[in-house]
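Take a look at this single chain in structure tokens; it is the form predicted on its own.
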């Protein structure tokens, strides 16, 4: 993983010192909350329903044991001994006192971490595929380019006060696990006919009040021109993006209202107009330096089949379920990619305790080349584990309450904090997720249902990505009463689509039984056990599922 140079370290240290002075002025009453708001937002500090919340950046979701242990220490020392993984591969601490946040930032700086640009109208944390550098279907590791974009965008003088927040995602695999088509700019690595690697550039995706799937404005931008091309896009957005209405300020609105063809023309015109002095010369030596930080670890030459893994699977049914569900094929024979579910049945999705963080750090250090990832689906990943070591990893995770075998199954729910924490929310999200997890807790039933992605948001801002759930759930307020609107058919992969509203909202207590009817309809309608819910939906349309949803009314 990338290590800070002296410039990175100085920037983070100076920013932490600067914010300490701003906090002192707020606590002494020298500045009001309104005056403090833009200062705290640029440092990842939100004012939530009950307290301030600190959001810490985890660039492209990558941590090592040292960083993870620091997060555990912060959870234990300054919060209530837990944190919450977010859909931008970050972590949030919901109960840190404002007076303590400068100390937290100082401690983060010790391990090359910060909270810069995790909020505010700027370029946010760059996200990526959690299996980057390990996946068998990968064209190329996208993480060096995530890091290059991070360095380019941090404190960029032109883009520190954009019309609205701005989100990048980059993937290097054929299968899009980074949801690049629902980001402001999504970059999907491609190879051209000459065998060169570049980027398909997708612009104008996003969720929230007006969800859109992004459009491809250039099918292939070569690496050497990428930053110049991104600057052209950002300049068009800065120039034409709405600043008079925050609900119409995102680039998705600009692309939609301008039209993809005209927006592309504006970008190409801006790109062509760049003067020589404006061009970003990215020295190959610098690219090589950054790429060197992401060199593959020293894998052993191992057989594809592990006898100890096969034996453990036969002897331990729980391990067999977990390995089937939470372990994916690695590009290196003899290794697997392990998803650590942070969605135990009946617990708040995405929450992780200080002790669990420390255990994950220990396992990363011992079994995964000191590499651990946070996913945009609110889980953790050990990307490089020997098949021979999987049973030992499973046993340690099981003791820590981290061995739930549900990755990509119905109980692996993305869920925002909702009205339990957020002052923007209209309804609670966590209790709905817990009700559904309990309803579908049986592992054999989950495996029979197969891949099914439920995503829940407590308001239209869509922090729970409900628009792109196979089944999406949106909390709404109707005259002071919480209802839940159901959508079908969303997806965030390479075939990204926005879910369609099924009909009237349901009361919380009616949601589990209604979705059980939907699931039973799917099981009756599928052509074979391996046909996924989303595939049946595409084949038959939504009507059979709408009928099942409301059959109890």
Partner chain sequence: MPVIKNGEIVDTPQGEIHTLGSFLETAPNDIEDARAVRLMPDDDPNALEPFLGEIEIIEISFPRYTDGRGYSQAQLLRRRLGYTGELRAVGDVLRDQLLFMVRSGFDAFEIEKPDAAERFAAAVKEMSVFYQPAADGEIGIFARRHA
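Positions refer to the first chain, counted from 1. It should be emphasised that the depicted structure is a prediction, and the values quoted were computed from it without experimental measurement.
Here the subject shifts to the form predicted in complex with its partner chain, a form of this protein not shown in this document.
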Select, from the options 483-491, 517-525, 38-46, 497-505, the stretch whose residues sit within 4.5 angstroms of its partner chain in the predicted bound form by heavy atom distance.
38-46
Checked 270, 200, 420, 477 for heavy atoms within 4.5 Å of its partner chain in the predicted bound form; positive is 270
Which listed residue (78, 220, 294, 152) meets the criterion of a heavy atom within 4.5 Å of its partner chain in the predicted bound form?
152
Evaluate residue 509 for contact with its partner chain in the predicted bound form, applying a 4.5 angstroms cut-off between non-hydrogen atoms, and reply yes or no.
no
Answer yes if any heavy atom of residue 536 is within 4.5 Å of a heavy atom of its partner chain in the predicted bound form; otherwise answer no.
no
Is there a heavy atom of residue 25 no more than 4.5 Å from a heavy atom of its partner chain in the predicted bound form?
yes
Taking any heavy atom pair closer than or equal to 4.5 Å as contact, tell me whether residue 280 reaches its partner chain in the predicted bound form.
yes
Can you name the residues of 149-182 that have a heavy atom within 4.5 Å of its partner chain in the predicted bound form?
150, 151, 152, 153, 154, 155, 156, 157, 158, 159, 160, 161, 162
